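One chain follows as structure tokens, the form predicted on its own.
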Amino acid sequence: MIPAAFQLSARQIAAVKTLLFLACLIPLARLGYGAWNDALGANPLEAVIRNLGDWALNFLLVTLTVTPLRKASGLAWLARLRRMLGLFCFFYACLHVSSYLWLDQFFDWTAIAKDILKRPFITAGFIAFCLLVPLAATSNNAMIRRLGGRRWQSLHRSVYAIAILGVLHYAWMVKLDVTLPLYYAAVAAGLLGLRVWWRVQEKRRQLAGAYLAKPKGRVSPIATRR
């Protein structure tokens, strides 16, 4: 039983969402402050691109954490924060991709295409971003009604593939210290592994229920005669 103090009203949830929205903008504000004060290191352009990509991955993993946290705590209102977190993941991913196209490649589409085809970490990141676009486009109630709950859920399960590609994109980009990529990989593996375990348990319950619900056949009196 969850204490009443942790069960929020609609007004309290709205306040939490407002605070969360502002908190999600802090990484961008810090990056802007660093750029304004020339505090992004020897290669500020690379710092901008990587920082935005880091936060896109951070928000992706935080979004995937909402469901396990909700199930463990029993706080149903946490699910109402998931959409905002997912959209902030897309927001930072858009800034990450835009900064790469503009600051790194200067919209040289030929060079960009070669990068996508020849560099594995760019390929993984490009695929992940392409998969992320339809999720962001359908993250509203109108699209849920239009697609239907089952089709919408099937589409949004691609977030698991996006998480794997995002971790690969980050790991393949890092050349020396792989400590952070390993941390990201461990977190992603834990979150995805937990969902696999839930699915296996659900299948077992369904099979057990089907077995118990199956009518027991009556033995024919003729079959028992000897």
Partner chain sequence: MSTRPIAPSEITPRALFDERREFLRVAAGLSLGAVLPPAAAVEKLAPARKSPYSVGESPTPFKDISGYGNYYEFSSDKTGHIGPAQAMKTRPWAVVVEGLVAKPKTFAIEDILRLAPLEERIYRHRCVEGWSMVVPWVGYPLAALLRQVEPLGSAKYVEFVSHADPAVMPNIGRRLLDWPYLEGLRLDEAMHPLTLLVVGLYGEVLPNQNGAPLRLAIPWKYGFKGGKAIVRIRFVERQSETAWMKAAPNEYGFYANVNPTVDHPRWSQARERRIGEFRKRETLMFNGYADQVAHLYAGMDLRKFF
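Residue numbers count along the first chain shown, from 1. Computed from a prediction, not measured in an experiment: that's the story for all the values here.
Form predicted in complex with its partner chain: not shown, discussed below.
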| query | Can any non-hydrogen atom of A161 be found within 4.5 angstroms of its partner chain in the predicted bound form? | reply | no
| said: I'd like to know whether R145 contacts its partner chain in the predicted bound form, with contact meaning heavy atoms within 4.5 angstroms. | reply: no
| Is there any non-hydrogen atom of L103 lying within 4.5 Å of its partner chain in the predicted bound form? | yes
| query | Would M173 count as touching its partner chain in the predicted bound form under a 4.5 Å heavy atom rule? | reply | yes
| said: Only one of 80-88, 151-159, 137-145, 117-125 has heavy atoms within 4.5 Å of its partner chain in the predicted bound form; I'd like to know which. | reply: 117-125
| L45, L69, L28, A185: which sits within 4.5 Å of its partner chain in the predicted bound form by any heavy atom? | L45
| request: Using the arrangement in the predicted bound form, list in sequence order the residues of 177-195 with any heavy atom within 4.5 angstroms of its partner chain. | output: D177, T179
